[in-house]
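Given next, in structure tokens, is a single chain: the form predicted alone.
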């Protein structure tokens, strides 16, 4: 029975995913080209980032085709009229984690590993939208890009572990995004993800049934963390996420 559930889940999801992508990507590309011919660059970039979020939102909701074999529950997600921008800091369990950021109703840019930029078409779109590869960007350039985005009102989503966890534990955090937070005085928002580690598991594209939970914690203002150095701040944020994910999994 479990084999049949897994087979059905993957057939349903991937069939819908490729059908939707084949129809949506050309249409959205044409839409963005037309926008670029008419509107200013800042407007076009905002629309492009919303298009990426919309595409991701549809992809994760294709799980509905699995008849609840995969569930997605989100708690405390910021409202569309929230006074941002924010720096969202997330733990990282799956390659699918980046898609769940589509639940954020804000204009966002993600700080990612190298591999997403190597995906055909999607990698090009991510670069055009200003997504940043942390490993390929010197810190000075990284700080300049993220600071400018924040000044423009664009929120940043970062996975400071750098790569997905192999044992469901929260790995050590890199300090780059926390150095930017201290310089820009932007509120930091912890995002805790559980249940995504087998959707799909490491080294496979085979989705398995499960329940994914995304919980946003209360934003932490600069007044609360400004006295810390980057090393202390990253460890403080890591401990917050460790504690909360433990609660979520009980």
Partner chain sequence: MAEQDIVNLVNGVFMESFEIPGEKLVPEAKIFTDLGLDSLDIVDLVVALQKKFGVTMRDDERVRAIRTLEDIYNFIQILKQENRK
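Residue numbers count along the first chain shown, from 1. Since the structure is predicted, the reported quantities are computational estimates derived from the model, not experimental observations.
This protein has a second form, the form predicted in complex with the partner chain, left out of what is shown; the following refers to that one.
Heavy atoms within 4.5 Å of the partner chain in the model of the complex map, among the stretches 119-127, 147-155, 104-112, 173-181, onto 173-181 alone. Residue 10 falls outside the set of residues with a heavy atom inside 4.5 Å of the partner chain in the model of the complex. Remark: residue 18 does not count among the residues lining the partner chain in the model of the complex, judged by a heavy atom distance of 4.5 Å or less. Shown without its partner, the chain has 139 as the single residue in segment 127-151 with a non-hydrogen atom within 4.5 angstroms of the partner chain in the model of the complex.
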